[in-house]
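Taking the form predicted on its own, here's one chain by itself in structure tokens.
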Amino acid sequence: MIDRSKFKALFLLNPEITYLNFGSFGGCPRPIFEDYGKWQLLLESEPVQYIAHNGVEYLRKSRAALGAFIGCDADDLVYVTNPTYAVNIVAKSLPLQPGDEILATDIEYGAMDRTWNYYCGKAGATYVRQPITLPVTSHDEIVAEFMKGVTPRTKAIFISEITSSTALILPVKEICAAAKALGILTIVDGAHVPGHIPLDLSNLEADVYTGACHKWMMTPKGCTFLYVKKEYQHLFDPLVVSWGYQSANPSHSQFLDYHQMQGTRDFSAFLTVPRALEFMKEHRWNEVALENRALARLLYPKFCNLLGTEPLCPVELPYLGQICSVPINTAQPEKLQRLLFEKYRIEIPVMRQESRIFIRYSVQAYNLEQDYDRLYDALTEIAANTDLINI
């Protein structure tokens, strides 16, 4: 068993808040945050050397460490601030024509839906949101249901490996294989994946993949990677045109030149990835994650029973990781979320997905079982004394 009290002391989160929302923005342990400060001090001590001369090498070393962790060549990675930025790079440059379709599920992250709707609208293409029946019963069912949305007009598939609102782990490997057999480009939103569940891009075979390091890998905020297979890198223009375009000193990779160096910006968060990986190794993070996933699954039926709702999936691996979304009957999710925070000091999202509402809890190394008892008691009290929850 892991010593959760020990881990609680390592994180910088406000101890007065019961923080059950690691899935949204993560939390940075003190040793990683101190590494971040080291890089920022180096930037301020000699900004020209840091940005203009040494930055490329600093970034190369960080990408090499990340590439080894997620199973890809370091030169097939660039750092960006968040997954939405990464998908904007892809969606803006994808050569869409009128009548083309981008196939996604109907449980994708809202910012991604907006991104694809925007760029598809400009091109005269269609963003197709294939319904996924909830609760799911098997991964085979998900693959079959999703692939029914493929048509001769499908230009690319866009899908989350772990969805934001439902927290379901989707069978992305199988979907990538099915798409590959049809010659369809695959674009995967893995925002919640790195450091959460195993990721091996050499085995997954997604054509494009983005994952956040500032969630479950625990780096400072604004640290995300975009991976693109070499054969597709030429497709994607920089979102911001800067010194890498028509570079006076081009590198071996146009992909890196276009997307890596963009003038004055603090990329210190990107450079903390090696320290984050060291932290995970020092603390045997594979074992930590396994215990977190076990606790998350143990709690799930308890909250479904309290709220009188059905689980979204079989309560087992490989459907659930360290975040779980419980359906909740409330007409005022935003008001409920604020009440939980302001009165009960519990940080947890209450999320809309079309007509469905979910309350989503995260389990990280610092979370104690008492944290979830506090949530249980708060929901019980709110249901008994307000009209915010219908049980």
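Keep in mind that this is a model prediction, so the values were computed, not measured. Just count from 1 along the sequence shown to find any residue number.
Form predicted together with a small molecule: not shown, discussed below.
**Student:** Tell me, please, which stretch of 266-274, 227-235, 312-320, 75-83 lies within 4.5 angstroms of the small molecule in the model of the complex when heavy atoms are compared?
**Tutor:** In short, 75-83.
**Student:** Would you classify residue 160 as touching the small molecule in the model of the complex, given a 4.5 Å non-hydrogen atom cut-off?
**Tutor:** Taking the distances in the model of the complex, the answer for residue 160 is yes, it comes within 4.5 Å of the small molecule.
**Student:** Indicate whether residue 176 is a 4.5 Å heavy atom neighbour of the small molecule in the model of the complex.
**Tutor:** Residue-level check for residue 176: no, no contact with the small molecule.
**Student:** Can you work out whether residue 285 and the small molecule are in contact in the model of the complex, taking contact to mean some heavy atom pair no more than 4.5 Å apart?
**Tutor:** Answer no; every heavy atom of residue 285 is more than 4.5 Å from the small molecule in the model of the complex.
**Student:** Verify the contact flag for residue 213: yes if a non-hydrogen atom of it lies within 4.5 Å of a non-hydrogen atom of the small molecule in the model of the complex, no if not.
**Tutor:** No - in the model of the complex, heavy atoms of residue 213 and the small molecule never come within 4.5 Å of each other.
**Student:** With the small molecule left out of view, choose which of 126, 164, 292, 186 has a non-hydrogen atom within 4.5 angstroms of it in the model of the complex.
**Tutor:** It is 164 that has a heavy atom within 4.5 Å of the partner.
**Student:** Identify which of 112, 208, 172, 96 has a heavy atom within 4.5 Å of the small molecule in the model of the complex; exactly one of them does.
**Tutor:** Residue within 4.5 Å of the partner: 112.
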